[in-house]
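As structure tokens, one chain now follows by itself in the form predicted alone.
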Amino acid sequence: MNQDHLSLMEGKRKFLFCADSQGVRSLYILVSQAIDENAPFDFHIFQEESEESFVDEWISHQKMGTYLYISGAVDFVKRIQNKALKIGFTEHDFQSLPIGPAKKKLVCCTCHGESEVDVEPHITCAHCGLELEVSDHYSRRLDAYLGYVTIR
């Protein structure tokens, strides 16, 4: 789950901290807390996307009770989340903090065309021309939010 801040979970067997160059600073306090509590942890900073091939093996060799923290650019966080979910982590087994602007993918409820939005609450569908309201309804399967037709 994406959050605006991260917190150290109690009672976990081990912590995994995973960041790119943009997300390192945001994990500093959590790593300090883990050190203070003498909790076992691993910390990896990925500089390039090619280094991420290591993540599958690294995460899959962890034991139950391991908790994952991800911080970095939006695309980085999304890639690591998808790898963790594919390996068997649930959304309750990790916290993530995307850094920087994130565009949302929006699916039109009428024509099912996809558009990208920044922070606007309303857009015009590029496919059918209807004015859409960006909803909170998120589809993990589509990795998109649903755009409802605006009623005036």
Partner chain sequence: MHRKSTLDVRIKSIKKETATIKRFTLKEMNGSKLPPFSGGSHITTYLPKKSGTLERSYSVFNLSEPGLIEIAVRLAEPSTGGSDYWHHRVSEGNVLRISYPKNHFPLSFQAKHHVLYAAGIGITPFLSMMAELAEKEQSFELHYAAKSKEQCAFYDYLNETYPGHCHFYFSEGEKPERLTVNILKNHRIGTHVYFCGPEKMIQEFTSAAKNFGYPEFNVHYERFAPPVMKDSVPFGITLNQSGKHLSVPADQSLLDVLRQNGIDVPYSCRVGGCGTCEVKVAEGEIDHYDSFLTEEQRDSNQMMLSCVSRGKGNLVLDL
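Positions refer to the first chain, counted from 1. In this text, all values refer to a predicted model and were calculated from it rather than measured experimentally.
This next part talks about the form predicted in complex with its partner chain, which is not shown.
Put simply, residue 11 is close to its partner chain in the predicted complex: some heavy atom of it is within 4.5 Å. Mapping the unseen interface onto this chain, residue 47 falls outside it, with no heavy atom inside 4.5 Å of its partner chain in the predicted complex.
Contact annotation for residue 89: at least one heavy atom lies within 4.5 Å of its partner chain in the predicted complex. Its partner chain in the predicted complex is not approached by residue 121, whose heavy atoms all lie more than 4.5 angstroms from it.
Looking at 38-46, 107-115, 61-69, 22-30, the stretch with residues near its partner chain in the predicted complex, meaning non-hydrogen atoms within 4.5 angstroms, turns out to be 61-69. Within 4.5 Å of its partner chain in the predicted complex, a heavy atom is found for none of 125, 133 and 152.
Contacts between 136-151 and its partner chain, taken as any heavy atom within 4.5 Å in the predicted complex, involve only 140.
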